[in-house]
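Presented as structure tokens, the chain that follows is alone, the form predicted alone.
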């Protein structure tokens, strides 16, 4: 599984940073977190197939987080897409999509399913679930929590102790079905190992620091709003954003696996000082950059 940072700026793009967007690559599926203006070109530059995008999650309705939708949808249509696309967003996303799809001479050859985000598990896939939770910003905004679901290991020796021969019965037990063998019912719990924890990615979107984020981020790759350096905390409080120091403090308190600073203010032509601040508090901190790719299997504490 990979994270691809497509846009890492705040409010306005710069020469080096595009509007916010992050792609999660999971077994051929692409999940998009936010879709700032220019995201479709960033996808092309990053060599991420936009036709494989299944779901787009818009954390809130500030323009820098959704204005890439019209162009991306139009490009998908031009490219012959016929698979449905799901778009999730806060209250108002239905009206927003109606307006987008009524702009100009708009062609769309595939179904778009629009879903209003609630504080719950809002989407599930073959090997994952995605949960949304409210964050603190100047408008209704949500964080997005991706959690990989891993099958429990099949304990072959345990199955052999029950005398079960390799074959279809193994498969049923692995799929969570009880089986009957030699007059005895064998349940999956008798031959499966403990639940395994998969990859976790927590994206805050735009927010002030929250205990809710601390609570969720244990063992997760935390992608946290870091609009300002610690020297501008008053600005962060007034604008309802976070500093790099606050992001690092959250990662440390919550026991995150790694921290990626993003949503960097355009005032920072060189954002290295933000990273230095963060690493003084949480060593496994990184500064996100446009087109950066992160293989989750290679991240270590």
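What you see is a predicted model; the values in this text were computed from it and never measured. Numbering follows the first chain given and starts at 1.
What comes next is about the form predicted together with another copy of the chain, which is not displayed.
Proximity to another copy of the chain in the model of the complex, taken as heavy atoms within 4.5 Å, picks out 58 to 66 from the listed stretches 58 to 66, 272 to 280, 237 to 245, 254 to 262.
Relative to another copy of the chain in the model of the complex, residues 143, 214 and 233 are all farther than 4.5 Å at every heavy atom. In the model of the complex, residue 75 approaches another copy of the chain with a heavy atom inside 4.5 Å. Residue 139 belongs to the set of residues with a heavy atom inside 4.5 Å of another copy of the chain in the model of the complex. Another copy of the chain is not shown here, but in the model of the complex it comes within 4.5 Å of a heavy atom of residue 45.
Contact annotation for residue 50: at least one heavy atom lies within 4.5 Å of another copy of the chain in the model of the complex. Checked against another copy of the chain in the model of the complex, the candidates 164, 85, 123, 100 yield a single residue with a heavy atom inside 4.5 Å, and that residue is 100.
Contacts to another copy of the chain in the model of the complex (heavy atom within 4.5 Å) from stretch 1 to 21: 11, 12, 13, 14, 15, 16, 17, 18, 19.
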